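A single chain comes next, written as structure tokens; it is the form predicted on its own.
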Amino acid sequence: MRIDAYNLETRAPDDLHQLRQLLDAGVIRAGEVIAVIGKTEGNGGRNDFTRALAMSALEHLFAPRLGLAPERVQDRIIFSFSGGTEGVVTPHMIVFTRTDEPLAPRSSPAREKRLAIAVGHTRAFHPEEIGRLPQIQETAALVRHLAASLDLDDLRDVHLVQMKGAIPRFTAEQAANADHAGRPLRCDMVGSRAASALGVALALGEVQPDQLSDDVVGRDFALYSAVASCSAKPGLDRTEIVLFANSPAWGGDLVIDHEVLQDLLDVAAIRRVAARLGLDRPLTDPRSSPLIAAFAKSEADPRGQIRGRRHTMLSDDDISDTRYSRCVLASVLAATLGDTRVYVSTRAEHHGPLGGGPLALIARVGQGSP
């Protein structure tokens, strides 16, 4: 198996001209596309319809090519879009394809680990399960299954778990009555993101089962995943998961690596992962960079400080703290990596330490490279 990736700039949320050209030319085959992840220039809030516009355009592009009705396309391909391209971020989408490729025997000493991706959906959730143990456990079960399907040497070879968390529809009566135990519903973005991240942490051994309960969700932030990245979607009944890892059983010329950012200014961590991927080497033309994709989570530190100094992202009512934090981290990433095509989504409950979050980079390497 082999993964290929295409980072395509967009002129509007529904602009698919580059992707359409690649499909028409046969460079990308519709049946091999497994996921499309991108940034749109909306506000990233609940009323950000640019994400829905982008996904609708993709559904109608792929439907005739896959022989499906538009509403069935997302059963075959996961579309995950994050709104908000504040500052220098270039709106873009990364198209991931998976193809069969003959491999050398797995035991061959020449076999390097290469990017492997598995995608899947959890079962549908009930509103009262969101933000609680059932969502954590179901997410963990699927993450384990996806990781096992990639023939990994070690779970430490998982470097990113990109999720669109479930927020099933519920009635006003359900909300008023809470769940069967009389507890308020957590069927919102916060609950879904938090439980999804803890599900990844449980699956990968970053936390232990006896550390988890309904009470720690959104409260005990010492518990977190270093590789989870979840945004949540109202009206989505099931969580969509794209798991990225490096496997010796996969071919191609792409690799992924990650670090945990301690805060929005953690340039040292960015440079460490970039160096391991060979992204710190001088280039004659920045456009020839082997960087394929950059994914990160941002958060305005809820303690109100960065490196011991006060910040006002949470108290400035003129600009949402989500837009502040996205802009800051995206600018730091772009300046360090030399590329404005960075995917930064915000809110990071149990995604890395407070005020920080996960970072994952995908790069193209030559034979014999790491």
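Don't overthink the numbering: it's just position in the shown sequence, from 1. Keep in mind that this is a model prediction, so the values were computed, not measured.
Just so it is clear, the following notes concern the form predicted in complex with another copy of the chain, a form of the same protein that is not shown.
S.K.: By the heavy atom within 4.5 Å rule, which residue out of Leu66, Ile306, Ile34, Ile28 makes contact with another copy of the chain in the predicted bound form?
M.R.: Only one listed residue qualifies here, and that residue is Ile306.
S.K.: Pick from Glu240, Glu259, Glu128, Glu86: which residue has any heavy atom within 4.5 angstroms of another copy of the chain in the predicted bound form?
M.R.: None of the other options qualify; the answer is Glu86.
S.K.: Can you confirm whether Val119, Glu138 and Pro353, the three residues that make up this candidate site, all sit within 4.5 Å of another copy of the chain in the predicted bound form, judged by heavy atoms?
M.R.: Spot residues vs another copy of the chain: no contact at all.
S.K.: Are any of the heavy atoms in His17 no more than 4.5 Å from a heavy atom of another copy of the chain in the predicted bound form?
M.R.: Contact check for His17: no, nothing within 4.5 Å of another copy of the chain in the predicted bound form.
S.K.: Under a 4.5 Å heavy atom criterion, is Ala12 part of the interface with another copy of the chain in the predicted bound form?
M.R.: Looking in the predicted bound form, residue contacts with another copy of the chain include Ala12, since a heavy atom lies within 4.5 Å.
S.K.: I'd like to check something about Thr90: if you look in the predicted bound form, is any of its heavy atoms closer than or equal to 4.5 Å to a heavy atom of another copy of the chain?
M.R.: Yes, Thr90 sits close enough to another copy of the chain in the predicted bound form that at least one of its heavy atoms falls within 4.5 Å.
S.K.: Just checking whether Ala294 would be counted as a contact of another copy of the chain in the predicted bound form - the rule being heavy atoms within 4.5 angstroms.
M.R.: No, Ala294 sits far enough from another copy of the chain in the predicted bound form that none of its heavy atoms falls within 4.5 Å.
S.K.: Going by heavy atoms within 4.5 Å, which of 231 to 239, 265 to 273, 204 to 212, 149 to 157 lines up against another copy of the chain in the predicted bound form?
M.R.: Going through the listed ranges, the match is 265 to 273.
S.K.: Select from 313 to 335 the residues with a non-hydrogen atom within 4.5 Å of another copy of the chain in the predicted bound form and write them out in sequence order.
M.R.: If the 4.5 Å heavy-atom criterion is applied to another copy of the chain in the predicted bound form, 313 to 335 yields Met313, Leu314, Ser315, Asp316, Asp317, Asp318, Ile319, Arg323, Tyr324, Cys327, Val328, Ser331, Val332, Ala334, Ala335.
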